[in-house]
Every structure is written in structure tokens, then in C-alpha cells.
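Single chain ahead, written as C-alpha cells, the form predicted alone.
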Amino acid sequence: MIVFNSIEEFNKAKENFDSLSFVPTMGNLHRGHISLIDNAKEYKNKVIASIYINKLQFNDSNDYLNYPKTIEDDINILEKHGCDYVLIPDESIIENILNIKAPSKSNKLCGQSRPGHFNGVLTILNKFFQIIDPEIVFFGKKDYQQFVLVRDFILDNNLNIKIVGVDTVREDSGLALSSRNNLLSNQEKIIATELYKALKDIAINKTNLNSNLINLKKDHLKSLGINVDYLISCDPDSFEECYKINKKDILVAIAAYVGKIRLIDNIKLTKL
């Protein structure tokens, strides 16, 4: 595996590369990231991952400063799982960067409490797309809103990139894997499993999908001390609140604080 510690290093080498499959990360890698690498390895291309903690997508400076940094471990994990190249740019990557404005639906779900977050995500990804020129890019579906916004950005800008969404990887308890899980206490980890339980209960009762069902689950989570940012049944493309499970697939998405740690998860309900 070749590690590029600057964009300049990468640019000197990339003219010798064939088509690339790209896995963007912010480091602190776990089995969810590994699943992206494993999926990328199923294609014929060489696989490149990036490690960059993107300050543009943090609306809380403390959240940015506290983001876990495990660069040596990350490099070892990527090499162990067959990644071919790693790009680890310094802060020069955001110098004179073209700022991308995310569409209005970015203000729903996570965008409600994280203003500007998806502007930062799309801005840095656009820069990485320009640098790496990938044929395929891989994203986890745990952050389904991000997946849709990146998919639409690629389509709207006629970028010659295929996007592949990879299913959420979970702990045995059902808790969706996240770098933020490392910040939870053991007791908080147990409480956090209630998020996926609530989503599964909604899925089991999808024939009765309505606002009462959603509010019932929201109240239950609140009774456990979980601060629910949102729990919503919505259209999986527009993120508009929707309960028409008899007409279309539905996304049920959640963001909640367990202690001081914000977690997200979702489940896709197939139409009746």
C-alpha cells in the first residue's frame, strides 16, 4: 500500500494509475469503514481511501477538536484489508476551495441542527473528486441523507462517477457502528441500542405507520433519558415527512443524544 501525505505527492503518481475506486473517510476507522473497502475490492479497480478530518463540515468547533485521531492504526487497518493507496492531505486542501451550496433538502433531518454541515461535506468531496478523479465512490447508508445528497450532486453536475451505497454495519447489540461510539460509556452504549430497537419496532408495525406510532417511539426514547433530535418517517429522496407506505418505500431516520454524544441511524421500509 502506498501512502500519500500530500496532494503534490499524489498528483505526481496518479498519471500512472488506472481507474480508481474511492472511499473517503475522516479516520478513526471501524468495521463500517472496512465494509466500504471490502465492497470496493469487489470491483476491478485499485482502491484509494482518504483520511481527512474536514473542519468545513463541523458547526461545533469542540466537536471538530475532539474528533478521534488514530492515524497510525487507520493506516494499518487499510493495509491489512487490501487498500492500495491512501491520501492524507494537509490543510492546504481547503485553500481557495470552491464552496458548494447544498440543496434545500440538506436543511432537513441532520441539517436542522447542523447548519452548513452538508455544504462542508459537498465542498470537500468535490475537491477530492477533482484530485482523485475516481470511477466509483463508496458511502455507507448509515448517513442516508449524506448518501442521497452526494448521489444527487454527482448526477446534477454530470460527474462521471458511479456511487455505491453500502449497508450499515452494526454491533451485535444492533447499535450502528460509528467513530462516536468510542466516546460512549459502557452504560451509554447499552442505552444507545434503544435507537435501533425503536426503528425495528416501527418496521414491524409498518402497516400502521402514522405520526402516532412515531411519537410513541419518540416518547419511549425520551423516557429512557435519550434526547431525541428527530425521529421521522419521510420520503427517502426529498426527506419530506411521509407515511404513504402503501405507495412508496419510506425512510425512518433518527438522530439523538445519548449523554453528550449525537448518534444517527435509519431503516428503510419497503412499500406494502
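We number the residues from 1 along the sequence you see. If you're wondering where the values come from, they're calculated on a predicted model, not measured in any experiment.
Absent from the display: the form predicted together with a small molecule. The rest refers to it.
Looking at 121-129, 70-78, 83-91, 166-174, the stretch with residues near the small molecule in the predicted complex, meaning non-hydrogen atoms within 4.5 angstroms, turns out to be 121-129. Not displayed here, the small molecule is approached by Phe139 to within 4.5 Å at the level of heavy atoms in the predicted complex. Taking the partner from elsewhere, Asn54 is found to have a heavy atom lying within 4.5 Å of the small molecule in the predicted complex. Although the partner is absent from this view, Cys234 stays clear of the small molecule in the predicted complex, with no non-hydrogen atom inside 4.5 angstroms.
Though the partner is left out of this view, Ile245 does not reach within 4.5 Å of the small molecule in the predicted complex, counting heavy atoms only. For the residues Ile34, Met26, Leu213, Val228, the 4.5 Å heavy atom test against the small molecule in the predicted complex is passed only by Met26.
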